[in-house]
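Starting off, we have a lone chain in the form predicted on its own, written out as structure tokens.
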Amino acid sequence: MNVNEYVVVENIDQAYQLFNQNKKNQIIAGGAWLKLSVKEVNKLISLDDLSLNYIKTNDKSVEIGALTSLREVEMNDVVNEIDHGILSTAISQIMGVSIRNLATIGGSIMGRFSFSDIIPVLLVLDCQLYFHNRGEMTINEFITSKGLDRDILTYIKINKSTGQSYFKKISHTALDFSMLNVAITFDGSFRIAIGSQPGMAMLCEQTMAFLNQQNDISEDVIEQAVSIALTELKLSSNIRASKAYREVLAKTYIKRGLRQVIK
């Protein structure tokens, strides 16, 4: 990656103005994933002096600054209590500790990486994103909207919940990207997200609607739910796995996840 100029900004307004002066200007958060998407940078804009590395909690929610490292999020006691620690579980399976000390929650979200293990989990949590220009939106609105790549994520907020949860990452090795990942929560209603299809993670809206109408979650209902999920997912092939194999994985782990969260 070639960088012409490195700039440490003094405030978020300056960062936003510089970012939007030139399409080749880029924000650096932790920098762990930047080389995956950017080759030529005019101005590399650092947010290090903006105090965006923090985790604040209150009775109802957890607020996480965009520059907080994945390792800090993973190890936070309050985050570990949200839906039985599903976010911490997912983060713990990302590369090694050295990478998690470098990568930030904001950079991991803004990259919109299809292999992300974090985005499926945030989709099933009660999570809001807060941008400098656009303000508040859900993670689902962010990944399904266009024109947000030139805004700056300042923090995320996750409302506390004590529901049951399930996360599964399937990869060739512990250090490889996912060939599929599955996130499910249940706190009176089901939320299901599948990532690394290999496309962007998505909520299984039809599957969730079907399950949330049921009075009893029997094995037959689970089978029907899996069939619905396979029709709405966008599974395909890439170098990590074939479409057929991803279908087998989705069937297997959605079933296991549903069984686990209703125990």
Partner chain sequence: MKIKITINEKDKIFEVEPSEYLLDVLRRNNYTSVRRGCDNTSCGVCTVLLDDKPVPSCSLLALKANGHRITTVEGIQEEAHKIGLYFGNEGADQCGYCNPSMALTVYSLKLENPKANEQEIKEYLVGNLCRCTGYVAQHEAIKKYLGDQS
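Numbering follows the first chain given and starts at 1. Computed from a predicted structure; not experimentally measured.
Just so you know, the form predicted together with the partner chain exists too; it's not on screen, but the next bit is about it.
Novice: If contact means a heavy atom within 4.5 Å, which one of 224-232, 57-65, 196-204, 23-31 is the stretch that engages the partner chain in the predicted complex?
Specialist: Flagged stretch: 23-31.
Novice: Do all of L125, Q128 and A209 end up near the partner chain in the predicted complex, with near meaning a heavy atom within 4.5 Å?
Specialist: No: none of L125, Q128 and A209 comes within 4.5 Å of the partner chain in the predicted complex.
Novice: State yes or no: in the predicted complex, is some non-hydrogen atom of S98 no more than 4.5 angstroms from a non-hydrogen atom of the partner chain?
Specialist: The answer is yes: S98 has a heavy atom within 4.5 Å of the partner chain.
Novice: In the predicted complex, does L44 have a heavy atom within 4.5 Å of the partner chain?
Specialist: So L44 counts as contacting the partner chain.
Novice: Is it the case that L102, even though its partner is missing from this view, gets within 4.5 Å of the partner chain in the predicted complex, heavy atoms only?
Specialist: Close contact exists here: in the predicted complex, L102 approaches the partner chain to within 4.5 Å, heavy atoms only.
Novice: So in the predicted complex, does any heavy atom of V3 sit within 4.5 Å of the partner chain?
Specialist: Result yes; V3 sits at the interface with the partner chain in the predicted complex.
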